[in-house]
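As a starting point, one isolated chain is supplied in structure tokens, in the form predicted on its own.
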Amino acid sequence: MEHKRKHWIGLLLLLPLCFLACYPVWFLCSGSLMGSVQLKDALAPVLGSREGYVSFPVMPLYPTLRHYVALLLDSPEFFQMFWNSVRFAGGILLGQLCVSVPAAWGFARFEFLGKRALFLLYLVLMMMPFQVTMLSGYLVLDTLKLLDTRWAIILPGVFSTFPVFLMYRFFEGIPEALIESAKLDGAGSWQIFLRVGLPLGSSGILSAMVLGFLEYWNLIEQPLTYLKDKTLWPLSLYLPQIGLEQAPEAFVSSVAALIPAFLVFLAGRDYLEQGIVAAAIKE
């Protein structure tokens, strides 16, 4: 009885917090289905057409998909930026599979001179925000003649240190007995990596990919710094350019940008939780 009472008390305390967390998404979806007149009337205090506070209805009075049709069929700029985001996120994640996975395996399963110092350098680089490395990165990319190209975004992401740190935790947790058994059976280093390391470390790899997609899908600072050609900009830079006067387009494009990230989050939720737990364990 006492356990049930605590359960209901905890549920009652969490429901308001859940509502506060979910309301912005509901607000966004509801606004995307409103007609232009109703939406502009609700946002009139923000748009400056009248004083007071925003009064936003829970449900649209007359739901319409007109704004979705206009965005998806009559906005080539939106589609261009959408596919730019797909190229950036896909290219970075594919590169990380080729670079970060072997690097994490090497840190976890091999001993070599300077290993701890090199891994410490990885940790230091991981903790540095983009603003710290922005100038040095800009100079390197300028020297390589990669500024204002897609590679200016993809290459720095491919060699990011965070996925190495995350996958290292999972590879390190593989029992040594399994590695020794594989060696006794005559397996070489690459066979152990492919047949033991990758299957048992798949949770870490997938969690790094999910976290990476959620990060690279929403890039803002890097494209603004390294890309002058607006035809190369990702979808994350399409939204800030929409003014308050284009409120319907802003709501609909925000929902369209949210859907891929939401689907990836749902598909990799379990792996994402494992990755967060692993990342929280300090060296």
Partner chain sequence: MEKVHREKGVVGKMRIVLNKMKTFFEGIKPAAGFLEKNHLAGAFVLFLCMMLGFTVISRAAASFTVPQVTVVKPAAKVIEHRVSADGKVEQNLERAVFTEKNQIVEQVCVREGQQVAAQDVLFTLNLDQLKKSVEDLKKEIEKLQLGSQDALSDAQVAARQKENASARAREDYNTAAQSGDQAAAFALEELNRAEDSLNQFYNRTASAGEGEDALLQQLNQECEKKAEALSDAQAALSQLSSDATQEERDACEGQVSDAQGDLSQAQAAREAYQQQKDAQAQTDMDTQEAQLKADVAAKKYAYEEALRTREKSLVAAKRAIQDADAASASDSTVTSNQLDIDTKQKALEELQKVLDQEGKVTAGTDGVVTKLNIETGGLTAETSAVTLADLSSGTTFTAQITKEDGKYVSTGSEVTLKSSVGGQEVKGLQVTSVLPDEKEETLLDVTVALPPGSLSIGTTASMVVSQKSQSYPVCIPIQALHQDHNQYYVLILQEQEGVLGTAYISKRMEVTVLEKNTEYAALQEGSITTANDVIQSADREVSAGGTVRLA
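Residue numbers count along the first chain shown, from 1. In this text, all values refer to a predicted model and were calculated from it rather than measured experimentally.
Another form, the form predicted together with its partner chain, is not on view; read the next lines as being about it.
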Taking heavy atoms only, is Asp185 within 4.5 angstroms of its partner chain in the model of the complex?
no
Close approach of Met81 to its partner chain in the model of the complex, 4.5 Å, heavy atom
yes
I'd like to know if Thr231 sits close to its partner chain in the model of the complex, meaning any non-hydrogen atom pair within 4.5 angstroms.
yes
Mark Ser75 yes when one of its heavy atoms lies within 4.5 Å of a heavy atom of its partner chain in the model of the complex, and no otherwise.
yes
Is its partner chain in the model of the complex near all of Phe213, Ile259 and Leu266, within 4.5 Å of a heavy atom of each?
yes
Which of these residues, Leu178, Val86, Leu198, Leu94, gets a heavy atom within 4.5 Å of its partner chain in the model of the complex?
Val86
